[in-house]
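For this one, two forms of the same chain are given in structure tokens, first as structure 1 and then as structure 2.
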Structure 1
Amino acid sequence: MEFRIDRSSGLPAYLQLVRQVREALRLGWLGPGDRLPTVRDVVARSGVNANTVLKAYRELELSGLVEARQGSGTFIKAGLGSTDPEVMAALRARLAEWVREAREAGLDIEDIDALVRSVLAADEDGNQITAGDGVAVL
């Protein structure tokens, strides 16, 4: 996989890498058993500092997504989206229904986006005590 840094983002570079691995997992580009590129490869290809890559890999390891195997590299341990496919489908259907309602009420995409964000933010504030430091991915 190829990493890229969005330099106009306020998200720390290492968290951008963490997020890209999670995204690749979510989209199925990476799965359990796959090896992440070596730090050296990421440095050479993406022009990212080795300390930044190490920090990202460490963060992924702490969250249990990858494991470092002595001498052979860093491997994906677990997949994301372990939620039951049926539950996912049901949630999606209800969300689609909700979006239709919002549309009928005259909301455009930006309105909907703002509304979803504010609800997520309120939910996050409520959960802040349980959420660990540095795992909140914006």
Structure 2
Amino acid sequence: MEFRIDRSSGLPAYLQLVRQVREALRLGWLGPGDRLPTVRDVVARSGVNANTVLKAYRELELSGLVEARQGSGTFIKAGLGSTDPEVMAALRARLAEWVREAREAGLDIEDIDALVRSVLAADEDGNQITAGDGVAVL
């Protein structure tokens, strides 16, 4: 697994690491028994502080997703997501095609993000959910 840190995102680096592991678990790219990169490797490749990586790994451990094995590394303990990996791969391919079309139509990343968030913040009938509905809007 290769971590990527976006220093302009406003999201702390340790949370970016946690998010990337969780996403890899949901997408089936990581599963129980897989080993996460060593702290030293993450520091060398991403440029983040070792304490940042340790904080992320601790967060994942507290949530029951990984376990640290003394002298062996950090390993995935549990998976996320219950969808068949083939279904996820097919949906990802369709989404990638949609993103390509959106870029060809002139949308930038923020435009695409806004569209996706608006769809995610809608109910099953397509009605926008507002903060007044007692739901946190993205």
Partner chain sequence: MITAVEPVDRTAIAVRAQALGKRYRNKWALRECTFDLPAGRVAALVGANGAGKTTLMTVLAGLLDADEGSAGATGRVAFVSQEKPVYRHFSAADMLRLGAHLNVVWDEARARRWLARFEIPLDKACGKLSGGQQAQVAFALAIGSRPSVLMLDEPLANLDPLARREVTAELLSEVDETGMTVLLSTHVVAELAGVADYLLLLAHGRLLAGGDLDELLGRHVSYTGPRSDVPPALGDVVEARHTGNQSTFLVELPEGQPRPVVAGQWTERPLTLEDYVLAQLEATRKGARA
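None of these values were measured; they are calculated from a predicted model. Numbering runs along the sequence of structure 1, starting at 1. C-alpha atoms forming the largest set that superposes within 1.5 Å between two forms make up the rigid core.
The first of the two standalone chains is derived from the form predicted together with its partner chain. After superposing the rigid core, the C-alpha of A96 moves by 2 Å or more between structure 1 and structure 2.
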